[in-house]
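One chain comes next, on its own, written as structure tokens: the form predicted on its own.
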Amino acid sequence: MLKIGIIGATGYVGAEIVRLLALRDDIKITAVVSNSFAGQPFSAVYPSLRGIYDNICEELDLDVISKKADFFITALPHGVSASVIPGLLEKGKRVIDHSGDFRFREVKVYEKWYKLAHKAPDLISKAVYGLPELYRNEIKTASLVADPGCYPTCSILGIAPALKNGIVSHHDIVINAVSGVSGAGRKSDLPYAFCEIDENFKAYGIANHRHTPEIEQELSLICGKTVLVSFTPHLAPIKRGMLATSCLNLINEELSPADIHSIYEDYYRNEPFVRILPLWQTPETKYVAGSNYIDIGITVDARLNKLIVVSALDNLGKGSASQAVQALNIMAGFDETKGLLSSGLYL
């Protein structure tokens, strides 16, 4: 049985990972670390797990917890992960990290956008970007996997087939995306209070959101050219869910909408968690919330010669926690879909 520890377990991402793994018969969660709730049963923090996972939360002591598991999932703030993960790797552990600390190929890009000095720059080259649809083979043998951001996962998977097949320009890509409030984490900051977000809809991080360079990095690698995107995130008064609308300039006028749809179907034909909707249909967050699926729909605007791609996922699911479980399955040699084939919540 695989033993796993979760560091930062009582945030929304950590709690979702516990929910997904607690009843697995091939995995045992042997350590849950939470400095804020140390000494308390995990089920006291999340009563929905009472009788399902009642283990006691521990303080972060690498010498103690490293003896309890072979794999660790870290759900820590940016900058903190890079101070914890080197110690785990030195002890021979394999790690899946949820922060932005190891997602970038260049340290200077991370330091510019996150405004932090990187604490473990030597590990950047060893980390694998944890998007299974792009890096499955690398994830299999990785010691450190950087779980992608939710906005990048939603955007990259929506755009990748068009860029890879050269049917759209790598210039002037515009992405407008919307996230549920849980994407901000479990905190009580005023902007996320009920009266601030209920019946409200707003843009934020315009032209400077830190997921922008992550999207640009991966799209550039896909097409072999430098890609810059105009990315605008929005906050919606929903708990979980994400939807991205990407507008791209078509450069192959001979392709029909049906041809483009076939390109998308072929690109993701063997991907268990990518669902390409019928032509002209668009995804909705209601159909993916609570799942590890991403739904992608395409529309061609013939008047402006643009491809419009709409992609939807659960920011706590395929956008973070369940995608980490997908990567864990791959790393551990399990069936990649184990524990992840449940449908969206819908209601």
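Quick caveat: nothing in here was measured; it's all calculated off a predicted structure. Counting begins at 1, following the sequence as shown.
Unshown form predicted together with a further copy of the same chain; subsequent notes refer to it.
Judged against a further copy of the same chain in the model of the complex with a 4.5 angstroms heavy atom cut-off, the residues Tyr12, Arg19 and Arg275 are in contact without exception. This chain appears without its partner; in the model of the complex, the one residue of Ser220, Asn165, Thr232, Ser169 with a heavy atom within 4.5 Å of a further copy of the same chain is Thr232. Taking the partner from elsewhere, Leu49 is found to have a heavy atom lying within 4.5 Å of a further copy of the same chain in the model of the complex. For the chain shown alone, Glu196 is a contact residue for a further copy of the same chain in the model of the complex, at least one non-hydrogen atom being within 4.5 angstroms. Looking at Val174, you'd find a heavy atom of it within 4.5 angstroms of a further copy of the same chain in the model of the complex. In the model of the complex, at least one heavy atom of Glu284 sits within 4.5 Å of a heavy atom of a further copy of the same chain. Stretch-level contact check against a further copy of the same chain in the model of the complex with heavy atoms at 4.5 Å: of 318 to 326, 284 to 292, 56 to 64, 28 to 36, the positive one is 284 to 292.
In the model of the complex, Leu341, Ser342, Ser343, Gly344, Leu345, Tyr346, Leu347 are the residues of 326 to 347 with at least one heavy atom within 4.5 Å of a further copy of the same chain, listed from first to last.
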